[in-house]
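A lone chain, given as structure tokens: the form predicted on its own.
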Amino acid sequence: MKYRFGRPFPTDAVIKQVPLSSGSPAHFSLSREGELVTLSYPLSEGDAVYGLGEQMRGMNKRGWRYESWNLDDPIHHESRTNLYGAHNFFLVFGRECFGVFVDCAGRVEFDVGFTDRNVLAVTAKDFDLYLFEGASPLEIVREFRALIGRSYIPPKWAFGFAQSRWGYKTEADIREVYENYEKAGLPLDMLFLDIDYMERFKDFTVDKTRFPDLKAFSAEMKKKNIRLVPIIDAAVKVEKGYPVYEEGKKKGYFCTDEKGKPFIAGVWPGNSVLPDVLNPEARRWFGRKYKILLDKGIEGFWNDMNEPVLFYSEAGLKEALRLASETKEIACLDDYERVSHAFFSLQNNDDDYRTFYHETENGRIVHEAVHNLYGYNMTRAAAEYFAEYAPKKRFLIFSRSSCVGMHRYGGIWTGDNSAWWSHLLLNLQQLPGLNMCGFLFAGADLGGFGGDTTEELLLRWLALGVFVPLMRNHCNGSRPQECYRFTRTDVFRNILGIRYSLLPYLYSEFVRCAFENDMLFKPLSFCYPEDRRAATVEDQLLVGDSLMIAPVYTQNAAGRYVYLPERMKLIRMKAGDRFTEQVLEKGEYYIPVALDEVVFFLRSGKVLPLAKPAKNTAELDEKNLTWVKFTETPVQFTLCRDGGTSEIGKEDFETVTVEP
């Protein structure tokens, strides 16, 4: 059922036509305050609320308030109400079972039992509301995912291990990282380039002193089965003679202020302008700029700073400087706070988002009203051009900012996390909500982006990361955290090897979930709806159709308690070709988990294909598999055996019958 409130801006999130329904949506009562509409639903004591994608707190969102307003917050704590993505789908599971999608380009507030524990309230203006009825959470998720279109599938090499750092400044730095991984015998598929590869942080440029011949270097690394993956930022530097700026300005492809002049804000390059990616013509223009790097042999990108981030606006900075210059002395605390606030509030100031505009097919519109669509359309620009550049080839593309709809064009990483144990748990808890919204190719910065990680934290995080599609170790100027930096290199080698052993399963299940609108990561309650204990589990996940994981996420832990909702087989792996098996009945167990092993569980009646560990995806042997079994009858498992870089067809699937 579809209901309309106000005059919503088209987001292109939904790909199927749904007729508007009359009357009011079932389950909800409505109230209005000006242009704002609030829909309220009475929660019963046992109701759980799942979804909302990339948000803080647990899998069950009840008890907190959330906003859809894409924001860069590199040090986010539990008190954060919004992060980098706007994922406005949730479902209520309890006394009733139904799903809700708020198709809105601007700010949406979700009060999920925060003001009143027994009331769920959604507040927004100018939106379409989609209401989904179903017998189970998974049925509702599949209905929603069918409405918004198939999830993006990256090339197979993108499922390999990736090493990244903000601080690899030269070709020599990248080569050194590769050589150290090679020397240590550590598997690797990708090396990432942050903004230092650019000429003074200018998009679609390469610093010739740092990377004299990126095309030759890319070819050299590709011969070693390593892909280089450069970053692209949203902002374009204001600089006379810079072709991207000059061309975009001439054609009117940048966002403008109230007077129609290019809106100028500060980002990494200094004064910058924003490509108007909500303008279809400008979006096509910006997408074609990726050709500059594609022609150098680049096959993958990560889009960043596309919330969009504003360090300051030109007008806001002038006002702060004026206030500071007029303050001759700090006579009291109020004077200090007035001046300091003028500067501290410059970054991502909501007032600035009300001062620039987009030229769209639906007319000129202020950015505030369509804020959450920006990162989505930046990534869409790239993906649409990739389809033109090489129609049958799959490229890697993922983004920091997103909303529902972008899942068709690329994946995401969950932004600038920290080297905290709580963010390891957060990584686990965000995955089901992201899958619900179509984002299957997702991951967090393993080990933490900010702060100093430890060997223990990184090993525990990798033990989760071996199951997650985007497996990237990334950090900033903190303690270097490449796997060869630590003393127990052999342990890192074995754990990374487990990732490659699991790839036949993970890749096949990922592709299946994309084609069937299924979730790769599910809360236990989605598959064991009658099990009240399963409904309370917030630190375990079902991975694909066969596995359950329960990672360790606390410091100095020798293991953890695990709940088995059915009879399962415990698999304890120290390397891809060394594992032990133990059958456990349904119930609660304390499971020892050493730092040098990965422990997970095989569900009853299921099988798991394992490959031997490999240096990279290109050298993975998927013909000679070991099958781990927990079944008394023959079981069928469908492997995806495509070439890994082109469109996937029916001929790429092989159904294998595995005997007990």
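The structure displayed is predicted, hence computed values, not measured ones. Start at 1 and count along the sequence shown; that's the residue number.
A second form of this protein, the form predicted together with a further copy of the same chain, is not displayed here; the remarks below concern that form.
Novice: Select from the listed residues Glu585, Asp351, Glu530, Glu329 the one whose heavy atoms reach within 4.5 Å of a further copy of the same chain in the predicted complex.
Specialist: By the 4.5 Å criterion, the partner-contacting residue is Glu329.
Novice: Only one of Trp268, Tyr389, Tyr178, Phe515 gets a heavy atom within 4.5 Å of a further copy of the same chain in the predicted complex. Which one?
Specialist: Of Trp268, Tyr389, Tyr178, Phe515, the residue with a heavy atom within 4.5 Å of a further copy of the same chain in the predicted complex is Trp268.
Novice: Select, from the options 357-365, 215-223, 399-407, 111-119, the stretch whose residues sit within 4.5 angstroms of a further copy of the same chain in the predicted complex by heavy atom distance.
Specialist: Contact criterion met by 111-119 only.
Novice: Classify Asp452 as contacting or not contacting a further copy of the same chain in the predicted complex by the rule of any non-hydrogen atom within 4.5 angstroms, answering yes or no.
Specialist: Because a heavy atom of Asp452 falls inside 4.5 Å of a further copy of the same chain in the predicted complex, the answer is yes.
Novice: Hey, in the predicted complex, is Arg479 touching a further copy of the same chain, heavy atoms inside 4.5 Å?
Specialist: Yes.
Novice: Residue-level contact is defined here as any heavy atom of the residue lying within 4.5 Å of a further copy of the same chain in the predicted complex; does Trp69 satisfy this criterion?
Specialist: No.
Novice: With heavy atoms only and a cut-off of 4.5 Å, decide whether Glu182 touches a further copy of the same chain in the predicted complex.
Specialist: Outside the cut-off, so no.
Novice: For the stretch 545-570, return the residues whose heavy atoms include at least one within 4.5 Å of a further copy of the same chain in the predicted complex, in the order they occur.
Specialist: In sequence order, Gln555, Asn556, Ala558, Tyr561, Val562, Tyr563 come within 4.5 Å of the partner.
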